[in-house]
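Here we start with a single chain on its own, the form predicted alone, put down as structure tokens.
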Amino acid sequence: MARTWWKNPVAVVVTALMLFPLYWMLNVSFTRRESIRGGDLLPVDFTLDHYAVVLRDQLPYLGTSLVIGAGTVVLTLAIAAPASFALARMAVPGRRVLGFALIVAQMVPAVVMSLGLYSIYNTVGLLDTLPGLILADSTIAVPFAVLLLTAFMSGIPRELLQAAQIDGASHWRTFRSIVLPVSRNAIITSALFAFLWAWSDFIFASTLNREGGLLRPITMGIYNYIGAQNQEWGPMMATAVVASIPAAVLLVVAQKYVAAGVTAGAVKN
């Protein structure tokens, strides 16, 4: 114990340094505009005016982000869950090649994908639309979800699936009635990551939905406070705080499912 006493203080200091930007965001959001440049560590000139501005101006953008996040989750799971079951439990030709392709797909920078998607969307008329953003965000979430769900579904006891087939269940019935309920933790984890990617996306939003008006997500709505000659730091930070609340709530609620889901398939009996 004498040799490890220093670890807790170091951990506290490192954690404090990592959380300081979040604290500063809160601090600025509660400080009057004329006092922000003073750089006080505490909001000595306290105000809620910035949050009143956010609630007046940013609610449409928050609603848009919620719609995009929910749509991304639905589309991601609708594609990834059946695909994962097929890769894990069915004789799909080229499964290893597909798995490698999914890993490579996650290495492609979003900015490169956004340029290609812009050209396609401009042709098919999906620029500045919510379906276009949902589809774009799903291209990031689907490969991760397929890899995670495939790893979990590969660990489901084969006897459980064989028993269902003996009872006359089709592949679809087995997938729907057995595999999906058993894979709950991995599905919730995949859904959470898909939502967070869509919620925090800026590259696709700024490229594919720049002229979307009130149908832009919150990551673009915050840009209303950034000008060439002036930045509204108070409303900007207040918007960031409000935008962080849904993600924080989801992480707290789904914490135990995520802890189980991210380790799914890591160890087999």
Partner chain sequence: MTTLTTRTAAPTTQERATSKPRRHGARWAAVAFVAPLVIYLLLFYAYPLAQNLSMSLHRFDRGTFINGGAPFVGTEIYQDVVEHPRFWTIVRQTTVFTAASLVFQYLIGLALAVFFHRGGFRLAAPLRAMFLVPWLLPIIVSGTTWQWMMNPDDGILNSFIGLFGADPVWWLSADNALMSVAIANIWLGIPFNLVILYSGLQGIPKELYEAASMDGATPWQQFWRITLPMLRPVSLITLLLGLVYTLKVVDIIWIMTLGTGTSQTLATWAYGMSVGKGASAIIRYSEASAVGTILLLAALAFGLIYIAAQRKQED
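Under this definition, the rigid core comprises the largest set of C-alpha atoms superposing within 1.5 Å between the forms. Numbering follows the first chain given and starts at 1. None of the values given here were measured: they were computed from a predicted structure.
Although it is not shown, the form predicted together with its partner chain is what the next lines describe.
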Decide whether Q106 counts as a contact residue for its partner chain in the model of the complex under a heavy atom distance cut-off of 4.5 Å.
-> yes
Just to confirm, R210 within 4.5 Å of its partner chain in the model of the complex by heavy atoms?
-> yes
Given that the partner is absent here, does V44 sit within 4.5 Å of its partner chain in the model of the complex, heavy atoms only?
-> no
Give a yes or no for M237: in the model of the complex, does one of its heavy atoms lie within 4.5 Å of a heavy atom belonging to its partner chain?
-> yes
Within 4.5 Å of its partner chain in the model of the complex, heavy atoms considered, which of I178, L98, I188, A151?
-> L98
Taking 4.5 Å between heavy atoms as the contact cutoff, choose which of L196, I156, V74, L130 touches its partner chain in the model of the complex.
-> L196
Decide if the three candidate residues M18, F85 and T219 all line its partner chain in the model of the complex, where lining means a heavy atom within 4.5 Å.
-> yes
Of the residues spanning 110-133, the ones with some heavy atom within 4.5 Å of its partner chain in the model of the complex are V111, V112, M113, L115, G116, L117, Y118, S119, I120, Y121, N122
After superposition on the rigid core, does the Cα atom of L19 shift by at least 2 Å between this form and the one not shown?
-> no
